[in-house]
Structures are given as structure tokens and as C-alpha cells.
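Shown next as C-alpha cells: one chain only, the form predicted alone.
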């Protein structure tokens, strides 16, 4: 089963993945925790360059590098884990590309759809948890926690477009998306997430 976490910068995805991973492992599930961009040695090396502050990257070049990382990620990590019956928790996946490169960078969505279909080999998340916070709140959290990368340093209008894109994607696919109020306390969010994930696992007989 593939469970993805999506959301803007500072939405709390990473914290919730850590908590859910520990919870599922404690219940006896085989869990693979991974992320995009990155997830493999190849991907992590490209991530460091792609997100480097001050790096001048053309929008199309950015998209193609993300897709190269995803192709490697699916082939090396996600597909083998799914074939092995593991629960894969992925910090960002295909929806991030629509939100950031599609709506954020304004690249044609049809191009993104074609590339996503090619590199994912048809793999789609069984559940996508969208951590929903305002762009202002998310960026404030991020700035307080660590140095900002190249994409995090984009102006507020870019991040607002990304947030609206995620909301649009969730409305278009309500069966897959589970929207969580990311402004709630960490433990309250975890309780909601683990209940939802438990129900989805049961519905798939996992």
C-alpha cells in the first residue's frame, strides 16, 4: 500500500510521517519511509543541487530533474516495497508536481500528466493525506525550523498558488485525498491520521 503525504512548506508532513511510521511498525506492519525529491542515492544527490539556494534553474529543467528522480525512486524503492507487501509512506509524490510545477510554475498539466504516467509505471497512491495550512503559517514555521531552500525562498504568491492547487486536487479526487487541518496540535493530527490510515488498511484487507 502506498500512502503519500502532501502539503506546502511547513505544513507538518514530515513530523506526521515519523509518528505514523513508528505507530504502524509497532502494530507489526512492514513500513518503508521515503521522500521526494530524493529517496535514493541518485535522487538525494540531485536534490542537494536542485534545492540549493541561489541556483538558477529553468522551470522545464526543474520538472525534468524531478521526473528523473521519481523514475529512479519508483524503480529502486517504491515498486520493490509494494511488491514485498510493505506499507510505503512517501513524503510528496505525483501530486506535488502538479501543485508546484503545474500550478506554481505554470507548466502545462498535460505534459506533467504524460511524464508522471511514464515514470510511475501506473502506480498511484491508495491514500493521500493533505496537511492543509495557510502559506503564511507554513513559511513562518519553516523559517523558524531551518534555513530555507531555493523553492521555499519563492515569494508568497507562488506558495499561495501551490496551496490552492492542493485544495483543487483534493476536491477533484475526494476518495483518495484526506484533508487534515495542519494548524492543530501535533498529537491531535496524529490521532486523526492513524484512525484514517487504520480504516483504509482494513478496507484493503491489509
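Numbering follows the first chain given and starts at 1. What you see is a predicted model; the values in this text were computed from it and never measured.
Below, we turn to the form predicted together with a small molecule, even though it does not appear here.
The three marked residues, 4, 72 and 77, fail to reach the small molecule in the predicted bound form, with no heavy atom of any inside 4.5 Å. Annotated contact segment (heavy atom within 4.5 Å of the small molecule in the predicted bound form): 146-154, selected among 146-154, 23-31, 172-180, 53-61.
Contact check for residue 189: a heavy atom falls within 4.5 Å of the small molecule in the predicted bound form. For the chain shown alone, residue 159 is a contact residue for the small molecule in the predicted bound form, at least one non-hydrogen atom being within 4.5 angstroms. Although the partner is absent here, residue 164 is not a contact residue: none of its heavy atoms lies within 4.5 angstroms of the small molecule in the predicted bound form. In the predicted bound form, the small molecule stays beyond 4.5 Å of every heavy atom belonging to residue 89.
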